[in-house]
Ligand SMILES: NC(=O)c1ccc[n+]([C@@H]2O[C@H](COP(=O)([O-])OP(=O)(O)OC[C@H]3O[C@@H](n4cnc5c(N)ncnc54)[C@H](O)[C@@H]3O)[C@@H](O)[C@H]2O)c1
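Next up: just one chain, as structure tokens, the form predicted on its own.
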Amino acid sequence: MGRLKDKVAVITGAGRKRGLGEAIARRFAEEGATVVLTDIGKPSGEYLTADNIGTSAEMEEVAVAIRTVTGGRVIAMTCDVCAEADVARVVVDIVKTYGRLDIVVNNAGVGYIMKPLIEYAVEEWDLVMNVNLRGPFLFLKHAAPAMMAGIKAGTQPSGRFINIASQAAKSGAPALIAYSSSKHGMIGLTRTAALELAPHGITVNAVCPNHVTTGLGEKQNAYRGKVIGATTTAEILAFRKGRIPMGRVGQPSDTANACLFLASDESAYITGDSINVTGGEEMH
């Protein structure tokens, strides 16, 4: 316990119950971190509908639940990761409130637009690229100077960026042309940022989970079921398990534990890496 004691972390896209962001936030709070959850807060446009985003109300419920269970400091802030002014505001507010920013987990993502590439609309492509790749870039751009300042001033020992990529960052994913492309791009973003920030004592890594049945995962299950002719969740999960050497699908806690390691002092000599959390389904 206490592996993240006194550290301050922000986790994007963490406003949904049963999501990866919630699991990561809970694990960080259990280990002593002050955790800031962010999500867009309200529906926006045709694709960011209420069932695809973390509303302000749900995000606050997530924060309250984690505080209740862990006794930790967990707060919620709205943030559109595609808007540079929003990202800059969140970073400034965190440093002003807590005096430091040690950890950024770029978790916000759009992975529910599933269709063949020839049917993909440009607007859909742009949305996925903006949320999945522009968002992490903006947090790197604005949080890295805050981390550098804290390290130079001696108010924090290091900085950590953890990008939530995907198995789709390592292998192609049919019907997820924009998602897979954006996650492949995230690996390039991770490696390049790691090279630039290493001299400042800041690490940048990615975590690449395979399928996890979160709210997003349920939508992916529904689509996959149509493709393989499965009619029940059990059939779909059995199909997925058959592809995984360890014989089970991933759980949110699997990704959360990998993030905890990368956020902790134990990972101080690891940067620019993309760690698979797939039960052996992905090995490169």
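What you see is a predicted model; the values in this text were computed from it and never measured. Each residue number is its position in the shown sequence, starting from 1.
What comes next is about the form predicted together with this ligand, which is not displayed.
Exercise. Of the options Ala29, Val62, Ala258, Ile53, which one has a non-hydrogen atom that comes within 4.5 Å of this ligand in the predicted bound form?
Worked result: Looking at the other structure, the residue within range turns out to be Ile53.
Q: Answer with one of Leu237, Leu48, Ile244, Ala230: the residue that has a non-hydrogen atom within 4.5 Å of this ligand in the predicted bound form.
A: The option sitting close enough to the partner is Leu48.
Practice prompt. Although this ligand is absent from this view, report whether Asn210 comes within 4.5 Å of it in the predicted bound form, heavy atoms only.
Written response: Because a heavy atom of Asn210 falls inside 4.5 Å of this ligand in the predicted bound form, the answer is yes.
Can you tell me if Ile103 lies within 4.5 angstroms of this ligand in the predicted bound form, counting non-hydrogen atoms only?
Although this ligand is absent here, Ile103 would stay clear of it in the predicted bound form, with no heavy atoms inside 4.5 Å.
Item to complete: Report yes if any heavy atom of Val131 sits within 4.5 Å of a heavy atom of this ligand in the predicted bound form; otherwise report no.
Response: Within the cut-off, so yes.
- prompt: Going by a heavy atom distance of 4.5 Å, is Ile40 a contact of this ligand in the predicted bound form?
  reply: It does: once this ligand is placed as it appears in the predicted bound form, Ile40 has a heavy atom within 4.5 Å of it.
Just one stretch in 118-126, 197-205, 179-187, 149-157 has heavy atoms within 4.5 Å of this ligand in the predicted bound form, so which one is it? In the other structure, the partner sits against 179-187.
| field | Residues in 76-112 with any heavy atom within 4.5 Å of this ligand in the predicted bound form | value | Contacting residues: Cys79, Asp80, Val81, Cys82, Asn107, Ala108, Gly109, Val110.
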